[in-house]
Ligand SMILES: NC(=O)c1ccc[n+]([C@@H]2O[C@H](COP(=O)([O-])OP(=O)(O)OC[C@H]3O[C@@H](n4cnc5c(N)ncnc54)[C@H](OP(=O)(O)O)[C@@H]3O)[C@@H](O)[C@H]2O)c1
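Quick heads-up: it's one chain on its own, the form predicted alone, in C-alpha cells.
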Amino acid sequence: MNQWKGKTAFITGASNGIGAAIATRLLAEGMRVVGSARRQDRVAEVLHKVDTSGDRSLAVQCDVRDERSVHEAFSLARKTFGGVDVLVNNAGLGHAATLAEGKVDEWREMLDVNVLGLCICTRDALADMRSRGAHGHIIHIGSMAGQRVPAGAGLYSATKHAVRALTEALRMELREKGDSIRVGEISPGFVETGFASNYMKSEEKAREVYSRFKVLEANDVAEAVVYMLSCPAHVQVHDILMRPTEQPT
C-alpha cells in the first residue's frame, strides 16, 4: 500500500457497515479519506475514531441520487485534499420484493442508488483523476446477487448485474483511451451489516439470516479492497467474489 500513502480515497456510503470498515482501514494504511453519506454526522464519528486530529479525513454530506450533491462533494474533496485518487463506490441498498408485487418507489430507489449513483460518482471521479493525470483506481462494491439471481430479488439482482456490466464497460473505455486508471469489482455474499434489516424490513428476520452460519464481516471486504489496491500498477484485479465458507449458493 506504499503507493497510496498520502493519496486520497473517496468512499460512498461510509457512515456504517462496509463503507465505514473501508474508510477505517484505508486511514490505517496512511491514506487520506473523504467519507460520504446522507448522514454526515455519522461519517464524522467513523473517521474521528481513527483520525482524531482530522488532518487526513473529511466527512461530507452526499446523496448519490442527486447529481448536484455528488458534484459538490467532489469539489469539496478537491478543495481540501487537491483531488481524488481512489473511488470506492460502496453506497447501495435493496428491498425484498417480487417483480409481480414490488413497489415502484422501491424499484426506483434501487436503480437510482445502485446504478445511476454509481455512474455519477464514477464520472466525477474520472474527471478529477484525468485532470491531474492521476494513476487512479475505481472499485465498485457489488454483490454475489450480481453473479446469480436469488429468489424474490429480481430487481435488486438486476441492479447488481448492471454493476458487473458497468465495471467491464469502464475497463474497456479506459483501455481504449490508453488510460492508467484501473477498475475492479468486489462482490460479497452475506455480510453482517444493516443491509438485511433494511432489505427485509425486520430486525428479527435479519438476525435469523445471519445466524444460519458464520457470515462475512465488513472488515473482510475492507481487506479485499486493500488487496486490490496493493497490486502493482501492471496488475488489475478485475473481480473478487467472496462468500462465507458455509454459504450454499
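Just count from 1 along the sequence shown to find any residue number. Remember, it's a predicted structure, so these values are computed and weren't measured experimentally.
Same protein, other form: the form predicted in complex with this ligand, not shown, and the subject of what follows.
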This ligand in the predicted bound form: contacted by all of Arg39, Gly189 and Phe195, heavy atom 4.5 Å: yes
Option from 88-96, 175-183, 130-138, 71-79 whose residues, in the predicted bound form, bring a heavy atom within 4.5 Å of this ligand: 88-96
Proximity to this ligand in the predicted bound form, single hit among Leu26, Val46, Leu58, Val64 (heavy atom within 4.5 Å): Val64
Ala9 within 4.5 Å of this ligand in the predicted bound form, heavy atoms: no
Proximity of Thr167 to this ligand in the predicted bound form, heavy atoms at 4.5 Å: no
Contact label in the predicted bound form: Val115 to this ligand, heavy atom within 4.5 Å: no
Touches this ligand in the predicted bound form: Ile18 (any heavy atom, 4.5 Å): yes
Partner contacts for 117-156, taking this ligand in the predicted bound form and a 4.5 Å heavy atom cut-off: Ile141, Gly142, Ser143, Tyr156
